[in-house]
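Alright, here's a single protein chain in two forms, structure 1 and structure 2, each given by itself as structure tokens.
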Structure 1
């Protein structure tokens, strides 16, 4: 070093007095560290906001305002209603009379007409008629009917609709809220746990109250069966070949390049592949969980192959050498010794791959697994694979794209259910890793 550079530091600090330049450097050091802390805090903040908004908006989906009314239908009333031309209308009138009676019994008098009831409940007549036609022995017995209230009544209970924001329309009028209040006071409209949301099927566009995610959960389940049954054996076989047997040549390189590129191909491109190859070319049924499973299998294969290869690589060579040394063939070494030792890691990777596939939406939309298809449970195992159905994320997307705000709540609720599945799968994966993974 030259003397000139020494001159550029005029005043030297000591250990006890800190000079200006050191102060500046120390401040820069602190600032830099603070940036890092702030960045992590921002990341965590986003996570918390996401979790809070999911829980706050989603939990109301698990309750539903219902009108519960117990009444007795006599044989004469049944016969009278069945003899009318507009049968469901007749049942609706019976229901209104019974409701009036119940209200007078509780000492409440509210005036309402049939139109108001239809705004609150939809058309209750057909539900009641179907019940009595299916169970004629219940005529003359006291029966409690639980009828889901309309999305606006539901929204009123959950604070989504208030007296200030309600807009008069043919769906709802502000005066109906008085009726709702009276019925709530009488204990006729109550908020119950909404089992139908968990077990039900998708409903019509303007009936969010009846929408449930059950059928699309089954659709997702059958898809995951296909993915598991195909991607696990194929992925493990491919990894064993690449890790244990593949010679160093152009073919192996080609496979490796393909796998690493497929891992980064956007998921929607797999949807295009599924549409063009499985549906247009092979004429497999549209919207079927089988096709969805095939597409997701191709999508998850790279993930499973990459994690399986990592766990095969983690088995120490001494195991292989010992097996070969006592006379096992190469194939026996791999299948009898290496594979069992790598199994926990492979399983963990597979579960994580499945969890990824479970949350995937875009490719499913392209092969027609949109939400409104999920109308009924499949009849059996075969029908579960080939009959049109939806999947959880696609169902959530369909709800999110609808106009009625009641569906938004369902979409958030669906996300809670989806995340519960994902969380369970990831926890199983973590437990497997903790308990069985060996460190060499």
Structure 2
């Protein structure tokens, strides 16, 4: 009976044959892997599209059409210009005369007036006068002036402006392109790498060619110093207390819930809090990197606390038990054994929090860093913290909101510089993690 009953049981499959259910499971697994690969490829595709869009729109900001003209200003011309009532206009007339002479030497004859030069360059007379008043020893010596061209001239060389799209206005006329072509043929207008975009300051709403992001980079640097000096020690100390020393009761549970909730609060709420507390109540200077750093510290603290607590939890309990077993105190156990092992995760979380704060714009809107035009570098360390300044994301937002297409191009270029900083910070986080990582 036993043998007969065993023989009547149907065999589902063997080691060498696969039944229908196994085939179905294998097919489902293959489909799931295919879905994952497709999802990754879609993500990579959009990442490439984003990178190409940013680079294509932002790289032109790193070049600038400039008018380079070398001439000699005599002492008689300098004295005559300084004796005029409209001194800037006098220097502009000298520049026009020198420019006409340079074109004549090249065998080119193009009629133009002061209005055409102002449409192409702005007001070059003020730049020339400031140079010779600051460098009187250069009078009588050959000097090359590199003057940034207007947004429309620069756009003409970059393909953003064409003869078909130019509409005569007080800012530019179609006939000006004849002068631009003649100056380009003479080698007077050229496209060079725009160092001023990296090291310069904002130029206001009327001159995108001279706009730079350098001063805003300094503002972001001082803000990050404030964030690092406050958020790292406070965040790590709070995490160590909550994870290692705090008793487990309803009060600590309430603190943990609030920290998690603060990490999800929109950043503009922290800007409102900073406006109310730091500016209206404490009367700290508006648009100052110090205030911006304090606001971003409030925003970054929950992120650092959560990442630090996760790093402390990742340390095996056996490390603590072994240290306590050989007579170490609770404080010695935490600072001599647990904290060094958690250091890579703490550093990584801190740098990621700083990178997030570096790209924030909304909190800076509320404390006035968007409305302020940063035109000069701070005079010292103290002024770098308390003097009004801007920041990279705030400067990018300001440029993107302006009407001139040249500023829109600058905004894309600023995004490239901001991404370079963010990538650098993430690379530093990876290096520090590898450097301080310990095996147990």
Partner chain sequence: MPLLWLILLVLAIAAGVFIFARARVLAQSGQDRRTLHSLPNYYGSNAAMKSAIPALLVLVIWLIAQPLYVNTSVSGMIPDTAIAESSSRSLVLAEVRRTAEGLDLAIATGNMTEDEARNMRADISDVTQRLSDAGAIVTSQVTQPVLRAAQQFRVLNATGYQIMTAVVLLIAIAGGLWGVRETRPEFRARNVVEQGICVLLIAAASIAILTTLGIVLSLVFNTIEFFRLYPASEFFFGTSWAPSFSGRGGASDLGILPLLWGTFYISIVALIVAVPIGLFSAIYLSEYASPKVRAFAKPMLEVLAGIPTIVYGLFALLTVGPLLVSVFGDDGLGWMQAGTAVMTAGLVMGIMLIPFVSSLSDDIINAVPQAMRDGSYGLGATQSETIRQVVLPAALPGIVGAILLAASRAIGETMIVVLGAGAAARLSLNPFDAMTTVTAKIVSQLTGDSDFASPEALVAFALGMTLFVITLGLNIFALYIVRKYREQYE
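We call the rigid core whatever largest set of C-alpha positions still superposes within 1.5 Å between the two forms. Treat the numbers as computed from the prediction; the structure is a model and nothing was measured. Positions refer to the first chain, counted from 1.
Here the chain appears twice, and structure 2 is the form predicted alone. Across the conformational change between the two structures, the residue of 329, 280, 116, 48 occupying the hinge between rigid parts is 48. Hinge motion between the two structures is captured by two rigid parts, the smaller swinging by 21° against the larger on C-alpha superposition. At residue 43, the distance the Cα travels between the two structures is 3.4 Å after the core is superposed.
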